[in-house]
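A single chain comes next, written as structure tokens; it is the form predicted on its own.
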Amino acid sequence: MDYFTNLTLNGVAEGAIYAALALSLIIIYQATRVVNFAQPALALIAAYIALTVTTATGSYWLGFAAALASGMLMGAATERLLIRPVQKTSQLSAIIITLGLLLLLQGVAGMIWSNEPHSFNYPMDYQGQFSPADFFGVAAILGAAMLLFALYRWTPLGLRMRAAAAHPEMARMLGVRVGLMLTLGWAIASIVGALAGMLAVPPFIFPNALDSVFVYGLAAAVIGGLDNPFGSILGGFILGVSLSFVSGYLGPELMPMAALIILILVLSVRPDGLFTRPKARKV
């Protein structure tokens, strides 16, 4: 029973990371209908910046703040400089750009910080069953989700962002600066992605450290539903706990296959995701 409990708690902690990355993908997808394959690379660079600041100052929390700030700036710059110029021509062009940016940033990270693993601190003590570091990760993700819910639900800014994503032409006629709202959406998504990166990379950071986490985060987003941000969070926790059981009882080498099987089963039963209401399609 203790082993089962330990696996469950470990799954919750890992699921929080998948949920954060899934949420960052969903925010961008809902705004622009683009799957941001560069998200793990943006989070990676933010984590490397945090490592540099922490090494220079000796303060983990200054590095943590630098990661979130740099993530925000990189997300805004990506939308404004790379995505916006091509998005009106083709969504596929925007997706290809994010794939190219992923490879570029991973290469840049290797050139600047080297391809060798660097030690990366946990925010708190990581020893023991559901350690303080695990608790911090889950609390940070849930706190970020609640702040986003409050932003989108109860603030004028959130209303403008929702209008810009759902009906951009109508929102523009009503005076909403649609371009600015979309840039802000990318910035917020990249903050969440940077948070996921800070929680995922310990104890070692290297240029490909977030590749598998991104795959699981994308799977969590699809499982929960690409049109349901909070469904993606639940999808992250479901996937995290499921993969923890697979790793504990069958072996960690089966985790990628298990994630694929779960994804196929969900898409077979609920193609729009577990927590998204199916939409009627006209034929």
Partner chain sequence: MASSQKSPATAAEPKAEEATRGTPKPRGLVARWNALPMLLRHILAACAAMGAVIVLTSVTGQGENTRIASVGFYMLAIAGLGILIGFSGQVSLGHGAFMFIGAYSTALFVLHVPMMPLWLNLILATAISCLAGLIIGVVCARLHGPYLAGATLALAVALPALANRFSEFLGGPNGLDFLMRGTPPALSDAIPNTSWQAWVVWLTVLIVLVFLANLSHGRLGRQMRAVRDDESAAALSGIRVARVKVTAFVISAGCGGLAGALQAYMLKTATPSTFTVALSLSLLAVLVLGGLGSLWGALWGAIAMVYVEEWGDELAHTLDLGTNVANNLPHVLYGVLLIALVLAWPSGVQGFLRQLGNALRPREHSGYGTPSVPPTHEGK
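Numbering follows the first chain given and starts at 1. Keep in mind that this is a model prediction, so the values were computed, not measured.
The same protein has a further form, the form predicted together with the partner chain, not shown here; the description that follows concerns it.
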**OP:** Could you tell me which one of 45, 31, 51, 222 places a heavy atom within 4.5 Å of the partner chain in the predicted complex?
**Re:** 222
Original post:
Considering the partner chain in the predicted complex, which of 111, 147, 166, 139 comes within 4.5 Å of it through any heavy atom?
Top reply: 111
Original post:
Is residue 107 one of the residues lying within 4.5 Å of the partner chain in the predicted complex, judged by heavy atom distances?
Top reply: yes
Original post:
Would residue 85 show up as a contact with the partner chain in the predicted complex if we use heavy atoms at 4.5 Å?
Top reply: yes
Original post:
Do residue 37 and the partner chain come within 4.5 Å of each other in the predicted complex, heavy atoms counted?
Top reply: yes
Subject >> 4.5 Å heavy atom contact, residue 58 and the partner chain in the predicted complex >> reply: no
Original post:
Which of 188-196, 93-101, 151-159, 68-76 has heavy atoms within 4.5 Å of the partner chain in the predicted complex?
Top reply: 93-101
**OP:** For the three residues 253, 256 and 268, verify that every one has a non-hydrogen atom within 4.5 Å of the partner chain in the predicted complex; reply yes or no.
**Re:** yes
Original post:
Using a 4.5 Å cut-off on heavy atoms, which residues of 194-216 contact the partner chain in the predicted complex?
Top reply: 214, 215
